[in-house]
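In the block that follows, a single chain appears as structure tokens, in the form predicted on its own.
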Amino acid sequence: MATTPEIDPEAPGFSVMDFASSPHAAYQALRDRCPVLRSQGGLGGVTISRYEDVLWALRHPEYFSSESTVAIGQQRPLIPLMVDPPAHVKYRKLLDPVFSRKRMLALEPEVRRLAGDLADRFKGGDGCDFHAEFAEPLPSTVFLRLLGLPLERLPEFVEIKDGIIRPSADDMAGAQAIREASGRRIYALFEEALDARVADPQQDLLSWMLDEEVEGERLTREQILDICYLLLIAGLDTVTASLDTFAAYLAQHPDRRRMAVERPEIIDGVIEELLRTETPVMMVPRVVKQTVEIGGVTLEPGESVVLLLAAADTDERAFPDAGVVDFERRPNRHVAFGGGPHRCLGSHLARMELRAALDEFHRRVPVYSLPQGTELSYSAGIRQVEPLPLLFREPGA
């Protein structure tokens, strides 16, 4: 991955977000030339891009805090994302068992059935929009069933989620107004759902939260709302973006696609390596809590920081032959799910969904490629690909 000469991370207005569709040269330019970049343009604040530095920051919330990091329409800090230790620990003790590897594996047969039903619709067809017809409905359906929310309202939930993550506005003020309006809809949605569970408890996550305690005290209505707000945003977006980026890569690399299809026993390696090289969640925000030196640069309290997970995951200093996609890479200590105490709560759910989705799709659609001349558009921040047209034939056939 040679650095492209025209990419200058220190130029005014540089932003890695502008390279979401083809980001690796920008990642390398950052790592090689300014691994700790303080900038007034682009993302602003400080961008940290080398694996060692990113991992250290993730593991030390006493220096790099998750509190007050983003304003995405919420009225209070989202739980547990925007709560640091020690308070963070009590919420993870409550929620980690719900999303444990064992519990997620128990859900896998049902998720496989859902994935198979969606992929069955493609039989006999010439192609599909993978994003709209598979990558979006599958994880969204799984998530809504976990929460006990009505499936017929899925388009509404996706619209609200996109209003938070991808607001359709040309300026920051307009985008924030859309986020705040979408946030109010999220709170109203869950207030309605919680009222329904109080009146008629169900076997779902919402009813469970109404009965659970943290350190001997019941969760408050506000705490439940703040957990649900985060779950909705994450549950309806990150697995979809992962499936999009995986399918887009495999469609453009037929040798890799054939390997994934013909050797289903390496599916976990396929997932881990594509999480590393395509890292759907490009970055996570932090705020400096106390003076710290990292990468030879001193950061002061109050500075905004972006930990560039995707650049860390392709750092040659941490991964031999980092630019090579190796489905049998061992070990593969990527940080696509973050790290440290704030490591992604839903990582076991995501891995299970990705495994089930790719397996069932490949059983029914072993051959696919992009239509000739297709230029894919990746959203920045979380790299969703919409639309994602696939033809069910080899390239050029």
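Note that residue numbering begins at 1 and tracks the sequence as displayed. All of these numbers come straight from a predicted model, not from anything done at the bench.
One more form of this protein should be noted, the form predicted together with a small molecule, which is absent from this view; the next part is about it.
One residue of L231, A251, V288, I160 in contact with the small molecule, assessed in the model of the complex (non-hydrogen atom, 4.5 angstroms): Contact residue from the list: L231.
Selected contact from R343, R33, R333, H60, since only one has a non-hydrogen atom within 4.5 angstroms of the small molecule in the model of the complex: Only one listed residue qualifies here, and that residue is R343.
Listed range touching the small molecule, judged in the model of the complex by heavy atoms within 4.5 Å, from 273-281, 314-322, 195-203, 212-220: Partner-contacting stretch among the options: 273-281.
Exercise: M352 in contact with the small molecule in the model of the complex, heavy atom 4.5 Å: M352: no, not in contact with the small molecule in the model of the complex.
Non-hydrogen atom contact H88 with the small molecule in the model of the complex at 4.5 angstroms: Contact with the small molecule, yes.
4.5 Å heavy atom contact, G73 to the small molecule in the model of the complex: Contact with the small molecule, no.
Exercise: P80 in contact with the small molecule in the model of the complex, heavy atom 4.5 Å: Residue-level check for P80: yes, a contact with the small molecule.
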